[in-house]
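For reference, the chain that follows is the form predicted alone, supplied as structure tokens.
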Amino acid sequence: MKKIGIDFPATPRKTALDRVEQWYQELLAERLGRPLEPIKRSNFGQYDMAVHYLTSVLEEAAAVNKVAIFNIDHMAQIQFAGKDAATLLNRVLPADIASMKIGQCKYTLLLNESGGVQDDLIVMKLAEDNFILVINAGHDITGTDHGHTVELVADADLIIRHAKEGEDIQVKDLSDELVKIDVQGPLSFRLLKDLYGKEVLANRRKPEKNMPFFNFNEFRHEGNDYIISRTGYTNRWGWELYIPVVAGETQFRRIVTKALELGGLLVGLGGRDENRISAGNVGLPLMGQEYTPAFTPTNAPLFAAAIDLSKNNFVGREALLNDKTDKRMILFISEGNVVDRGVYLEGKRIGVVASGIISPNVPLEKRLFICSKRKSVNIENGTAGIGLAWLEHNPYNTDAEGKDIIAIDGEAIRIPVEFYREDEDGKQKGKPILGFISADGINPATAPRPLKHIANL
């Protein structure tokens, strides 16, 4: 069978917006009165991506409180079409693809037979025989890393392996035809309404109402076809735009110019990472950090949203059913960055940090709960470390129904912990960083809430 994924690129790829990002950097320098500097970049999924622009990671992370713009063109869009496309996707993926309605999005995972996570993705249903899978950077590659022995297999190739002889399925990578730009934050409604009209944000079945969460619309603008979905990894109000590549640079300029007028910013990988960890009460896992092919997603925050165990069959189902582990993915707040440290409770190691970053979005009350002596933590507009960790066991007590007790009398349970560096033998070394496991996250999730709350901002 002919492979679908591209060959491993000889050098990191550039997004379709790479050139116009430099225009933004120069515009930002002029508006902020700061010296022009090179954009800080890093290889992410075999793309040369901006970590942050002229503004700091902390400034960009805070932009989501107004409006944050993201160049997400490194993510791929793969079309599965044909009368048997839905059957194949439902056979492979753990979400209930068969029950999806046209215009609906679903978050799900691509698992291996051992229940490990190959990728997390969003499925959009455009028609009964037409789906688009939005996958992570680098998961469109089928080939070997140059000079190494790491063999990558693209999501599309992993899925199509499960097609049966005679099934009508066509697979096409649409990534070179579309530019993906995300608009997140409470002023996202105003920005998109001003640029494209309120009707693009409406409920496709009841136009007098707003678009429901995890739905999308298709619309035509200046002679080109667009898709806009009410989704995003920040768990705040927001949308993801799929723009024809011929209009990508023009629309990007319009979007970021409008965002600057509203007090927002273009956000790089650093701010994006903070936004996904601080997303709601539990944060959002990242492929390659919390999710890996060697580790099942059991008891991860989005397990129930991504996986329907009532389905009779999907890849990895038996492994998940047999996974009786009590491990838990949790969100924590700490007085500093604790990446790669062990998590300790009353002197006993209970888990390991999967990812972390310094955040400007932790409320003062939660920072004070750490009982840190650091001035940067305790001042009014201070910062704190946030992150996600895998624990070996559930840190919470459970009720008679087996549900975690995460609050008592309306007050969230917070469990003080310490984070230690560890030597090659796994023993503690150095001084600990203080923190706590948080059952009420950083800030409340707003993404699913009615759009009426932001429609007139």
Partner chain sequence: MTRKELYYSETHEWVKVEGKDAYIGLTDYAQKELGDIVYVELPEEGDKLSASEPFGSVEAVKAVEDIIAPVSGEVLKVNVDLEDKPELVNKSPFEDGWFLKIKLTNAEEIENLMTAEEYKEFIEDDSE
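Residue numbers count along the first chain shown, from 1. Everything numeric in this text was worked out from a predicted model, so none of it was measured.
As for the form predicted in complex with the partner chain, it is not shown, yet the points below apply to it.
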{"property": "Full three-residue contact with the partner chain in the predicted complex, heavy atom 4.5 Å, for 60, 341 and 358", "result": "yes"}
{"property": "4.5 Å heavy atom contact, residue 375 to the partner chain in the predicted complex", "result": "yes"}
{"property": "Residue contact check: residue 433 to the partner chain in the predicted complex, 4.5 Å heavy atom", "result": "yes"}
{"property": "Contact label in the predicted complex: residue 66 to the partner chain, heavy atom within 4.5 Å", "result": "no"}
{"property": "Distance check, residue 39 to the partner chain in the predicted complex, heavy atom within 4.5 Å", "result": "no"}
{"property": "394, 398, 56, 43 - the one with a heavy atom within 4.5 Å of the partner chain in the predicted complex", "result": "56"}
{"property": "244, 270, 212, 382 - the one with a heavy atom within 4.5 Å of the partner chain in the predicted complex", "result": "270"}
{"property": "Partner-facing stretch of 307 to 315, 96 to 104, 156 to 164, 333 to 341, counted where any non-hydrogen atom is within 4.5 angstroms of the partner chain in the predicted complex", "result": "333 to 341"}
{"property": "Inter-Cα distance between residue 23 and residue 60 in the predicted complex, nearer or further [3 Å or more]", "result": "farther"}
{"property": "Pairwise C-alpha change, residue 70 versus residue 59, in the predicted complex against this form - closer or farther, 3 angstroms or more", "result": "closer"}
